[in-house]
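First, one chain by itself in structure tokens, the form predicted on its own.
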């Protein structure tokens, strides 16, 4: 670590303890965060991935990482906001200023009411903004213009690229009007971009670039056959995001565009067993309140991960849905079935629970 600034590798190693199966996203965020903490220009990051792939988990991990060190916590102010809120505020006027007010309120919370206005403004000018479900502020839906989305993108652009943005301070911060250079704020935006996969696939198979994606001949147990291998990461272009509804000006403000991976069975198993937010962790803590130690056999855990992997569009959320079907009755009667304070769930019980629910 140099000058108390963690390296990208150090940040990535820390984030990887909470975010599984998304190495590329972690690396991109780690580089941007390391640059930012060093006081250097850091490129904004756009994360694209299906529901449950780890977008919000990644930013929660960043929050946890920054708060885990007093030195880093004193140099970082982070807020998360849903894109739909930005769209609503765009209709009401001054959405950019409202976003800065969120950072200001968070900075006040961190520094205390007795802090100086210059210290607050410095925190705001070097804050971190995470925009969740950014695909909800697309500029059009189908062939129709989506006015709230257009306004929200324009408002964010104003904050992203304006060297002197007017900001009215609330009374708690001394009141008055100041000008703030917002170029030091790091933006990380994330969205599922539902329909993007199908749109790009259609473009390269039956649309404008028909014939670009060629089938391959494979030999397997079923004999010789043709297979079409499609990867959104390989075939997506900036124009696809323009067509989806991101303006070229808005998209150009993101240096890194990262497509998150679909989580496979191994990734889901790691999340199930190792994530502090997993359903297993929650159930374990709940049953412990009744003096019951929850024990899951390795085969049972693997089966839960396998069943969740059968629902790839839900990602890690499928884990909670599958495990809920297994643990529901056990949580209702915590001590029933426990032997010497231990409740053991094996593969047979998982199969039975999933078959009847």
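Numbering follows the first chain given and starts at 1. Predicted model, so just to flag it, every value in this text is computed and none were measured.
The same protein also exists as the form predicted together with a small molecule; that form is not shown, yet it is the one meant from here on.
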query: Options 63-71, 44-52, 31-39, 304-312; stretch whose heavy atom lies within 4.5 Å of the small molecule in the predicted bound form; finding: 44-52
query: 4.5 Å heavy atom contact, residue 297 to the small molecule in the predicted bound form; finding: no
query: Residue 328 within 4.5 Å of the small molecule in the predicted bound form, heavy atoms; finding: no
query: Non-hydrogen atom contact residue 240 with the small molecule in the predicted bound form at 4.5 angstroms; finding: no
query: Contact of residue 275 with the small molecule in the predicted bound form (heavy atom, 4.5 Å); finding: yes
query: Contact residue in the predicted bound form, chosen from 103, 246, 188, 263 - any heavy atom within 4.5 Å of the small molecule; finding: 263
query: Option touching the small molecule, based on a heavy atom within 4.5 Å in the predicted bound form, out of 108, 89, 133, 97; finding: 133
